[in-house]
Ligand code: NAD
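In C-alpha cells, one chain follows: the form predicted alone.
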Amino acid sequence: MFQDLKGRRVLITGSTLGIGLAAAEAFVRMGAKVGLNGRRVPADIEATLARLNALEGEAAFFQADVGTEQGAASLVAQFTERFGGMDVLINNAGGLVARKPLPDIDKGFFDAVMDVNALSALAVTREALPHLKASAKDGQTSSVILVGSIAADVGGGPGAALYGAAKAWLHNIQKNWVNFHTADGIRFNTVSPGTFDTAFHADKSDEVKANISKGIPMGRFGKPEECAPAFLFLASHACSGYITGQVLNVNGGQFMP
C-alpha cells in the first residue's frame, strides 16, 4: 500500500513538530521527497533531518512564514527549485494564537488568527497551483490536503471561536476549489483531527486532559503518528484517486457528523 508515493514531492507547511512532523516522517518512510517548513529554524532541525534522511526518502527544511503572501511565495519557490516541482501539498500550518473571549477580540487578533490558519492555506495553494497542474498527467492526480479541526464542527473551546471559524473556512473553501480545479487533475481533501497529544494542548493540566478524555469514546488523546496515515491515504492516487472534496475525521469518535 502507498507504493505510488515513492519519489513524490510533498510539501508540508508547519511541519517541525506534532502532526505535521509525524506526517513528514510517514511520507519519507514511503520514499517520498518531503519539504518541512517552519517560521523559524528549530534548534533540533539538523538532528531531525539526519534522522529522516536515514530512512527511505529525502527530507529538507525550508524557512518561511506562510501567514504572509511573501512567505508563501518564497516557500513554494524554494521547494520547487530544490525538488523540481510539486505533487502533493499539505497545508498544516495553523495555531490558536491565543485564547480570547468575544469582548476581547479586535481586528489585530482577528487578522493574526486568520493569517496563520486561513491565509496561509490560500496563499500557498495559489502559489503551488501551476506546479500541481504540471504534476497531474497520464491519469495521475496531484493532491492538496488541508488540515482542519474538530473545532470547525463544534465551534472551538473557551476563547477559541476564531480558531474554530478559521478551520470551518478551510472545510468550506475546498468545495469551491474542487468545482473549479478538478479539471486540472488536482484533488482537494481535508484531514480534521480531534484532540491530539501535541503542543497545542501543552498548557492543560493532567486533570483537564483526563476530563477531556472522558468525552472521547476511545478514552484518550490521539497520538500524532495515528493521524499520519490519513495523509498518506489522501495523497496516494492508487488509494484515493476518486476521492475529492471530503473531510476525513480522525478523532477517536469524539465527533461523529
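Numbers follow the displayed sequence, beginning with 1. Here the structure is a predicted model, which is why all the values come from computation and not from measurement.
If you look for the form predicted together with the ligand, you will not find it shown, but the lines that follow are about it.
Heavy atoms within 4.5 Å of the ligand in the predicted bound form belong, among the stretches 99-107, 180-188, 148-156, 125-133, to residues of 148-156. Not displayed here, the ligand is kept clear of Gly85 by more than 4.5 Å at the level of heavy atoms in the predicted bound form. Looking at Gly194, you'd find a heavy atom of it within 4.5 angstroms of the ligand in the predicted bound form. Contact annotation: Arg39 falls within 4.5 Å of the ligand in the predicted bound form, judged by heavy atom distances.
In the predicted bound form, the ligand lies within 4.5 Å of some heavy atom of Val66.
Looking at the ligand in the predicted bound form, residues Gln140, Leu232 and Ser240 place no heavy atom within 4.5 Å of it. Distance criterion of 4.5 Å from any heavy atom to the ligand in the predicted bound form singles out Thr16 from the list Ser236, Thr244, Asn249, Thr16. Ala93 is the sole member of Ala93, Val144, Val76, Leu162 with a non-hydrogen atom within 4.5 Å of the ligand in the predicted bound form. Along 127-145, no residue reaches a heavy atom to within 4.5 Å of the ligand in the predicted bound form.
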